[in-house]
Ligand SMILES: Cc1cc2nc3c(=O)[nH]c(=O)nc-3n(C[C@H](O)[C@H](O)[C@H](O)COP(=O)(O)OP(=O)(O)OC[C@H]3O[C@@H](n4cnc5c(N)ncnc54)[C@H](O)[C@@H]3O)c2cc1C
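Taking the form predicted alone, here's one chain by itself in structure tokens.
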């Protein structure tokens, strides 16, 4: 009798429990087409003073700057290495490096490995995988902690201040507290998740600069392609244009009208070259579908080019792709509203600021927004004078304790087309990291810089 009553009561309890919450796989109640995520507790780590979101050029600069200043620093990176577009994107050609500071340290370390080729201290070619170890060594020596394969997926704001970063990884969902967060994702992902206002594309039509998809290739004899390889140190911009015209003719001769009408070759040493032959248009940084489409289309085009050139009896004979980039190169994403907005007037007029984070010297460089425009005029250039980017442009206007470095800083679209290059990104990142450390040590927040 006791056994029958026990089983009856147990079945009744199970039935009641099944009514209290959805069965496994059932969608919690919500609007049609909407999944309402159940609330849950997430492990919180508050051990860090400064958390850098993104380990690309700006992120590595910020992490080293903060860690060397004595702050306990963490870099959260979605990939499996530091460097971002330098490494995962195989950019391989650096623009607007500085003759000193963190930039000179990087060039010296590349030189020590024999991994820098062509150009000079300001503009040069490097080997992407050597850059990975150089940056990891520098971060480790500075004392920064690294967390790879981890995405920044949320930001909690209270009282107008960012309090917590949410991440997703193989370790699951985690929460991270810090005194200051620095968004170095390139696209301003963390600022957007924190509710900060931003701009994207041109006013009116929202046109965006195209992406580039790079590939490293091996050729039979690099000397036979010498006139097609860009080397700014020798002939400047004119030499670059002349070389790209030869590459374009080679492609047209094999029946390929490329998506980019200034296909560029860089020499990485030996018979190894970098092909920057592709453009992908209309790709929004906040659309996984856009980025996926662009990546698939670009890889297909790059292989089509290489395979067609390989079949010719020309200097391209038997060219082989060694590796395509893991991460397509985004030129334009969000421009987060800051305490100061860098403008074209700043760039053209050579603005000076007492709180300068870096001095940009690269001119405005706007790539055509679609393939047809690309055929007519591939790049629009505007000359600038060396100009300062103030620290206030690196401070999120709408959310305190949140800064940014790299191409997502506060500026208009035309100025962005100048300061977006990676030499500026790593240098302003280093300045942002040091400034964040100073603010933490003084018990201040980034919004206190508004009075500067």
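Note that the structure is a prediction, hence the values are computed from the model and not measured. Residue numbers count along the first chain shown, from 1.
In what follows, reference is made to the form predicted in complex with this ligand, a form of this protein that is not presented.
- Judged by heavy atoms within 4.5 Å of this ligand in the model of the complex, the contact stretch among the candidates 312-320, 329-337, 290-298, 172-180 is 329-337.
- Note on contacts: among 361, 324, 78, 374, the single residue with a heavy atom within 4.5 Å of this ligand in the model of the complex is 78.
- Of the heavy atoms in residue 247, none are within 4.5 Å of this ligand in the model of the complex.
- By the criterion of a heavy atom within 4.5 Å, residue 62 is excluded from the residues contacting this ligand in the model of the complex.
- Proximity of residue 421 to this ligand in the model of the complex: non-hydrogen atoms within 4.5 Å are present.
- This ligand in the model of the complex comes within 4.5 Å of no heavy atom belonging to residue 281.
- If you take 180-213 and check each residue for a heavy atom within 4.5 Å of this ligand in the model of the complex, you get 184, 185, 186, 189, 212, in sequence order.
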